[in-house]
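We begin with a single chain expressed as structure tokens, specifically the form predicted on its own.
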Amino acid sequence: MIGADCNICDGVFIENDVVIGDRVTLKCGVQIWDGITLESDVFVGPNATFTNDPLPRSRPPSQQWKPSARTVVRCSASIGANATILPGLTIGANSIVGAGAVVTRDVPPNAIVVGNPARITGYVDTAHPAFEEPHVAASRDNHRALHVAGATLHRMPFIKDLKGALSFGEIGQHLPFEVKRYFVIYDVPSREVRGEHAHYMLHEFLICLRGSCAVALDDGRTRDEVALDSPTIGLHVPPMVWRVHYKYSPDAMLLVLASDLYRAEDYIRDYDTFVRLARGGPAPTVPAAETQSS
């Protein structure tokens, strides 16, 4: 099935069990095999390669073959020239796969991936605010509002003398909520992505105690990326903000302070559901439930 107003260039091959949405562009030399879905407004660059068999073998004509799982490229995603997409993956909406990348795992919405194997290097249309940037609005001397609604970057107190360095935070003075739980993330392989969720009610405050990492924030309309590379920098992530942690240095140790005990029902783990809630009005009330430790 091929949708309306598509741009299909020379030398493109389209097999049978294929779904192509509206306004899709397929540049020269692209081959779309059985088991592949391209949603609307997808761009596929020249000679990009899709695969649909994780264990390809020559088979006799009598042996029927079916793809093990569909490969889905979501709306408005772009795939660069000569990229290779392994079978059964989902390429997230509005994401970008760089030229020549070899994609071996799902690509999150809005992510930019490059390399072999492909790794996330950034997010589309994302600002990179910091204390030094003049366009980031200041609400008090020790913290700055970000573009993402409700999120703030905090400069924590810092004391240094011949005996060493010390940074601290006091509830009500430097920390914007009462802390009821903490957890520490460390020993993360640099290619791994953590987070990828939002909360209905929970506030979090993030401080990278050692090394560095990046946190991408998304309120359903606007995106920020903040570099956490000092114990003197804290990031307040309020409810209904999608967060992704990545770019961990090998020695990174991220402290997360939380406003409540662990509650599985407070998590929003599907990005499409999050965007629908964020754009459609107040999030539903989270039902009371017995808490459990994380």
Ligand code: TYD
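The first residue of the shown sequence is 1; numbering continues from there. Just so we're clear, the structure is a prediction, and the values are computed from it rather than from any experiment.
The discussion below concerns the form predicted together with thymidine-5'-diphosphate, not included here.
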Does thymidine-5'-diphosphate get within 4.5 angstroms of any non-hydrogen atom of His197 in the predicted complex?
yes
Check whether Arg191 has any heavy atom within 4.5 Å of a heavy atom of thymidine-5'-diphosphate in the predicted complex, and answer yes or no.
no
Contact with thymidine-5'-diphosphate in the predicted complex for Arg269, defined as at least one heavy atom pair within 4.5 Å: yes or no?
yes
Is there a non-hydrogen atom of Phe183 within 4.5 angstroms of a non-hydrogen atom of thymidine-5'-diphosphate in the predicted complex?
yes
Partner-facing stretch of 23-31, 261-269, 47-55, 225-233, counted where any non-hydrogen atom is within 4.5 angstroms of thymidine-5'-diphosphate in the predicted complex
261-269
